Ligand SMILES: Cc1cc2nc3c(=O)[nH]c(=O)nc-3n(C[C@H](O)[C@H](O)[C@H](O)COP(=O)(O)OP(=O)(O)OC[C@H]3O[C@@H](n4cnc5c(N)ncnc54)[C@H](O)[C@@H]3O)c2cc1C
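So this first bit is one chain, no partners, the form predicted on its own, shown in structure tokens.
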Amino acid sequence: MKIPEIFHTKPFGLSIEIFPPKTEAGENALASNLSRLTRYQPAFISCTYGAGGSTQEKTLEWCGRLVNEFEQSATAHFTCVGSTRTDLLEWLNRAKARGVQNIMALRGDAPDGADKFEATEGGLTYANELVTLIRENFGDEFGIGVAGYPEKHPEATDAQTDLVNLKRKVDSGADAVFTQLFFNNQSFFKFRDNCQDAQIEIPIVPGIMPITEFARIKRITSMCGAVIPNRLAEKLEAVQDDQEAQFEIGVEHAIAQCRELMDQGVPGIHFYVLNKSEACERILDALDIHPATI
């Protein structure tokens, strides 16, 4: 199902994000977890690139498995990193051949060892250029998602500049905005209001990452700029030697987040599951999100 169709036909668009495993054991574990998550009939499952586009072949491989083995709509992450326009078009054609229906169009992070992102000669510099490339060459054959940052992209000078950049992506032809993870819903609501003021009229879908391991989430937030609220951080610090307690605190916080978001009319939720199903299953069950209700 393409992104525009999801938000025109479904009362709630559930989506799930995975990443390509690096080992055979990781692949087997992900397949097992996907078997559990697909019972909730997500509108799509997306698969990321590795840092600097390092796993783009694995991304396509897993998108193909999502379509053929798990009978899911696949969304492929797609970045400008290390590619010419010719490379990008060739990759899009291969994604199409794999049955990919949606593209998550992202500028991408700098490759490992690089201080900042630099465009490849003959390539693209910004995500809005990537959206334009897709639309000019494939029309509406792909649905297109783009990233939004409730707490500002780490490289943006300020929130207004970041919003201008988002508007540029939307005006280039994006179908929906999927946000970076956040733990304070007020950040999302303010961001959504700012998007409305900027006449961004496509769906704004919140991204939720359940905290299952405090040390890991601290590493992730240090890279993406998301803020862990003090009260939540204090709870997690108090049980930093008890992973089960961290899991329970993180899942309960995510359930409360999702309930409030749904009460406030979000069009869907995009779950960053880190290739594991248990936390997401707990949340979806608590929210009574089952195949009959989505």
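Quick caveat, the model's predicted, so the values are computed rather than measured. Throughout, we count residues from 1 along the sequence that is shown.
The discussion below concerns the form predicted together with the ligand, not included here.
Judged by heavy atoms within 4.5 Å of the ligand in the model of the complex, the contact stretch among the candidates 195-203, 213-221, 100-108, 134-142 is 100-108.
In the model of the complex, the ligand lies farther than 4.5 Å from every heavy atom of W91. Contact check for V170: every heavy atom lies farther than 4.5 Å from the ligand in the model of the complex. In the model of the complex, none of the heavy atoms of F189 sits within 4.5 Å of a heavy atom of the ligand. In the model of the complex, the ligand sits within 4.5 Å of a heavy atom belonging to Y149.
Comment: the ligand is not present in this chain, but in the model of the complex one of A174, A95, A127, I208 has a heavy atom within 4.5 Å of it, namely A127. Among Q72, T179, S83, N185, the residue placing a heavy atom within 4.5 Å of the ligand in the model of the complex is T179.
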